[in-house]
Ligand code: 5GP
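Just one chain follows, in the form predicted alone, and it is written as structure tokens.
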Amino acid sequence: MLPESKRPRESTERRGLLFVVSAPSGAGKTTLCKEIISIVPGLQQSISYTTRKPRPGEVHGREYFFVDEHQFQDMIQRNEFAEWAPVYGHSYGTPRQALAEMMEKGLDVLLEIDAQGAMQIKKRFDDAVYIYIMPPSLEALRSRLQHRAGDSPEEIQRRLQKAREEVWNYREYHYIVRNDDMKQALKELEAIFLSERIKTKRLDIAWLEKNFIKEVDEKPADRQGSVTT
């Protein structure tokens, strides 16, 4: 069975790109993703489902779709997720249909998920762009988690341990962005999104043929037909 990214399309229009962004908890991934959505045109964020409770300020359907465990398990049984994984005692999943529909419309999609989810996505979308947000150090990460509040010391320690393990997944990603300075990290992230869009392998062949190849092929015939005696 072909990966979803390799399946033939009915339309010759540009297919949207999939950008997968991962990071340890507290590395600033969510803030960077919100900012990049606001400055890069034609980019839309995929909204995941989760069984955890909303945090203060989060809205159902904006940050996540918040569902209970029973609903989540039903969605798994119906094969509605492109990927799903347990994270810190809760389940998270990417809706398959919504993701495919956005890309078929030509929208570039940002998918903000953890490393284990990203590796599942990689099996289906081998031509996606994989970006890992790296904190400057574990001590800086500890400080951010402590200032974020809402997590117990035990929870913070658990997240730091997971971060130590996760950072070695960087080899599976195409780009590493070190989030030491938010403005600089955002510049680097924007550069990745824009440069990926104009790579040769992303070229719209239908556009090239329509505007260049066919025109060149027609010129010899035009010249030949215009010869007079």
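Owing to the predicted nature of the structure, the values given are computational and were not obtained by experimental measurement. Numbers for residues come from their place in the sequence shown, where the first is 1.
Missing here is the form predicted together with the ligand; even so, the following discussion is about that form.
- When the ligand is considered in the predicted complex, only one residue from 122, 96, 105, 159 comes within 4.5 Å through any heavy atom, namely 159.
- With the ligand left out of view, the stretch that reaches within 4.5 Å of it through heavy atoms in the predicted complex is, among 32 to 40, 173 to 181, 49 to 57, 193 to 201, 49 to 57.
- Looking at residue 92, you'd find a heavy atom of it within 4.5 angstroms of the ligand in the predicted complex.
- When the ligand is considered in the predicted complex, residue 147 lies well away from it, no heavy atom lying within 4.5 Å.
- The ligand is not shown here, but in the predicted complex it comes within 4.5 Å of a heavy atom of residue 64.
- Contact annotation for residue 23: at least one heavy atom lies within 4.5 Å of the ligand in the predicted complex.
- Residues from 87 to 117 that approach the ligand in the predicted complex with a non-hydrogen atom closer than or equal to 4.5 Å are 87, 88, 92, 93, 94, 112, 113, 114, 117, in the order they occur in the chain.
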